[in-house]
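The chain below stands alone, shown as structure tokens; this is the form predicted alone.
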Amino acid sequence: MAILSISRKQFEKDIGKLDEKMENKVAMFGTPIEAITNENIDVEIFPNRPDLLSYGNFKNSFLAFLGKSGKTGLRKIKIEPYNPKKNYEVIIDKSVEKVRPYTACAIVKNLKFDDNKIKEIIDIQEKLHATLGRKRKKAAIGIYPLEEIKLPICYKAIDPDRIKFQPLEFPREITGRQILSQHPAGREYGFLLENYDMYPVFIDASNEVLSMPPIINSHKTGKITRETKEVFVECSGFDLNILKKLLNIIIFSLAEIGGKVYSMNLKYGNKNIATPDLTPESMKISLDNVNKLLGLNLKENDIKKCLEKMGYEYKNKSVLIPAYRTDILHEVDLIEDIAIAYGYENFMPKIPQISTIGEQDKKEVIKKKIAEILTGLGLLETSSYHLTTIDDQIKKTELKETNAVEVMDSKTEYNILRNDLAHYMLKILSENVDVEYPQEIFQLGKIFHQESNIIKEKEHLSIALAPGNFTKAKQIIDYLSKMLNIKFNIVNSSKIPGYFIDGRAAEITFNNKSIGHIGEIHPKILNNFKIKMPVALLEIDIEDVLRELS
């Protein structure tokens, strides 16, 4: 979670006196108060609502929640259409495809910055980096004084030794490669680029470097001051949909301080995309589902009022979702917001008319014991999503037959159910190459596969060691076997997954049945995941183990 610090004086001027009743309202909105002083109010913003990370956005959403006249419903701002004569254009070169392939951009004018507003914009930028941007791994934001830039802008990747500019708050020009070792931001975030031969840059029509995302802006063309009246905003990363929502959050914040927003044309080869795009998504909602899930007896007009208090528009049994909301993936998310608007304090608890005796599931007891044994060996337990991507599960592991179960109408690139844990273990290692070694991790979790149009689930255990080898991985499975008082056998087999090194892998059996594999990961697969350490990995189906021990 992140903390939004609000001037108490400004809060009470715009919203109302901060008495006990108001404090409770803030908490019921889903943003509990962390601390209060005479000067500031610190509010917790949970990861599902990054759109509330600036005071302007929080203020408008909270006033709508309070039902203030003119504040409820879908929040709208005017976007001036793209004008070809003004060169409001960003050309995306094919060279960025393997580094940081996407960007979403906008121009905002008529701004009147002071120190507090500059601080607010920098603050939301850094908080979005840390949350939705996953510490700049997934997305990074740049805001630049348009007065210092000649349009159009080019986004491309070039040799880091040919990149040369003065980074923000740095005394001299240095190369892109030198930035990673000499500039504080380069030392902190350099691992995001160090494995690439080419680094991404934004360059204007005068060949001036604006920034080297996701590391640092130029001191000349990337520093906002009180004299800045117009800005160029860009978000770069790997998921265009997320970048568009990030951009929308930023421009709503800038519009709140008086900015006028202009559309830009993004040229992806022969394809043109206009951003920002504030078109709301439409999602159906069922009155029966709302009342069944919440245990209420709401009418359609009640739902309409609740949704409008949370910033939506309701019409013809459909909900229009603001273009800056990143957390609405399903009807259930809308129903949760209805519950917030209705007021959790208004729900009446009821004792169910049933009598039961509860006990812990025996299989869960065994899983807990397995976790305790592995934790005792110094391994760290991890957890990952049931959904994964084709790129991680199929392309990077170079598996041909995966029997992947695809999710219909996925809102993100996570669009298939995982059918192994191995690729996720490698993904976790690849995302932590900047962390101290050794990295020894394990995961207990469900995997999914399809049989005759039926999706089946199985419990799997996977262990990954970096650096690691076959012998060390075998020692761990042998120790686990001994502590559980069961017998795992390691046998030679020709049916070994292709991501293992031939001759350095084997099959694991239990009660004469194949349950998984153990081995050392092939260097080519490690390279696909950008892992530089040798990795030993095992994965087993533990369904039979759980049945026998429980």
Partner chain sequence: MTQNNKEIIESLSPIERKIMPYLKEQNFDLVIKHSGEDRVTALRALEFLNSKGIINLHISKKKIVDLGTNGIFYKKKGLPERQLLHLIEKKSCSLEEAQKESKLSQNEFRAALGALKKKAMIELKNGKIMLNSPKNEIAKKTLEETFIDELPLDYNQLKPEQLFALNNLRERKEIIEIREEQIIKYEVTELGKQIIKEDLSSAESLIEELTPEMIKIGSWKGKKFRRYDVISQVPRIYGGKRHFVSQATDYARKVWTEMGFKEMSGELIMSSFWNFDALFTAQDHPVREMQDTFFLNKNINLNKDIDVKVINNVKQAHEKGIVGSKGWQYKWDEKTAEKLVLRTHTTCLSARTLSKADKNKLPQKYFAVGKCFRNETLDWKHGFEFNQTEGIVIDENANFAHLLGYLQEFFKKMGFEKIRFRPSYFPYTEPSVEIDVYHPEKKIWLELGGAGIFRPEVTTPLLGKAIPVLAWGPGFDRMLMDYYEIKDLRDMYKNDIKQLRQMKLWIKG
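If you superpose the two forms and keep the largest set of C-alpha atoms that fall within 1.5 Å, you have the rigid core. Positions refer to the first chain, counted from 1. On a predicted model such as this, the values are computed, not experimentally measured, just so you know.
Keep in mind the form predicted together with its partner chain is missing from the figure; the text below concerns it.
Although the partner is absent from this view, residue 156 stays clear of its partner chain in the model of the complex, with no non-hydrogen atom inside 4.5 angstroms. The closest non-hydrogen atom of residue 170 lies beyond 4.5 Å of its partner chain in the model of the complex. At least one heavy atom of residue 29 is located within 4.5 Å of its partner chain in the model of the complex. Residue contact check for residue 387: one or more of its heavy atoms lie within 4.5 Å of its partner chain in the model of the complex. In short, of 107-115, 175-183, 70-78, 408-416 it is 408-416 that has heavy atoms within 4.5 Å of its partner chain in the model of the complex.
Contact check for 19, 223 and 244: none of the three has a heavy atom within 4.5 Å of its partner chain in the model of the complex. For the candidate set 205, 371, 394, 287, a heavy atom within 4.5 Å of its partner chain in the model of the complex is found for exactly one residue, namely 371. The partner is absent here; in the model of the complex, the one residue of 301, 279, 375, 475 having a heavy atom within 4.5 Å of its partner chain is 375. Looking at 256-280, no residue comes within 4.5 Å of its partner chain in the model of the complex, counting any heavy atom. Taking the rigid core as fixed, one finds a CA shift for residue 387 of 2 Å or more between this form and the one not shown. Relative to the superposed rigid core, the position of the CA of residue 446 differs between this form and the one not shown by 2 Å or more.
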